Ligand SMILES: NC(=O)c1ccc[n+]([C@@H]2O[C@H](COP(=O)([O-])OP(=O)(O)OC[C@H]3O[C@@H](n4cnc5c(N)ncnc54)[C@H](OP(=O)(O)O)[C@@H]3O)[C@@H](O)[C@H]2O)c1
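What follows is a single chain, given as structure tokens, in the form predicted on its own.
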């Protein structure tokens, strides 16, 4: 039985991916800040298949809680980090901007770095024939700054750069770990404003199917889905000065 740890499994993409893994026969350890949501997930799928841990990725104690969860589930084949925050709006709310950067950058690094060190410390489990896979939900917003989500865009660019650097480090040090950078477009989650209509909006179920396919194929980068792959291809061709003048775009 394969094992996964899913950070940020109480809602959105994280919950959907965790549920899909359980249905496919994985043993899953789920983590998030809301105890009631974790308990509901475990009640739905069974304590024999699901372990839970209340983890706030911004707290230094998060790594201790992660170690305890791993001890309960066993060393995972997959570490899936879906925890993050973001908001859209033309107002520049300093507290929201800082919280977005701190959660998406500091929190992600705390968890991913700690798990990478866990892999290094367990050569009896992980080796060239059995590598751990670390997958992180970033965003297509990291490929170009979106004016109505400045901090979010910047934090997602940082996440992708960090994964790229960690991939290089793993090769340099021959670490038995591979990284997957998952870049969704608009997905129907609580991060989006329910009052707005979003183009090419993806359901959580469809996004999850694309993500699991990329994980199984051990893809390095996955843009979810094909429509957003085409969109990103074309907007990368736009010169920066022109992009920054596209003020008619409502992102």
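Owing to the predicted nature of the structure, the values given are computational and were not obtained by experimental measurement. Numbering follows the first chain given and starts at 1.
The next section is about a form of this same protein that is not shown, the form predicted in complex with the named molecule.
- At a distance threshold of 4.5 angstroms between non-hydrogen atoms, residue 190 is in contact with the named molecule in the predicted complex.
- Looking at residue 134, you'd find every heavy atom of it more than 4.5 angstroms from the named molecule in the predicted complex.
- Within 4.5 Å of some heavy atom of the named molecule in the predicted complex lies at least one heavy atom of residue 103.
- In the predicted complex, residue 34 approaches the named molecule with a heavy atom inside 4.5 Å.
- Of the listed positions (125, 150, 175, 85), a single one reaches within 4.5 angstroms of the named molecule by any non-hydrogen atom in the predicted complex, namely 85.
- Only one of 164-172, 76-84, 114-122, 90-98 lies within 4.5 Å of the named molecule in the predicted complex by heavy atoms, and it is 76-84.
- Contact check for 8, 11 and 186: all three have a heavy atom within 4.5 Å of the named molecule in the predicted complex.
- Residues from 123-144 that approach the named molecule in the predicted complex with a non-hydrogen atom closer than or equal to 4.5 Å are 137, 138, 139, in the order they occur in the chain.
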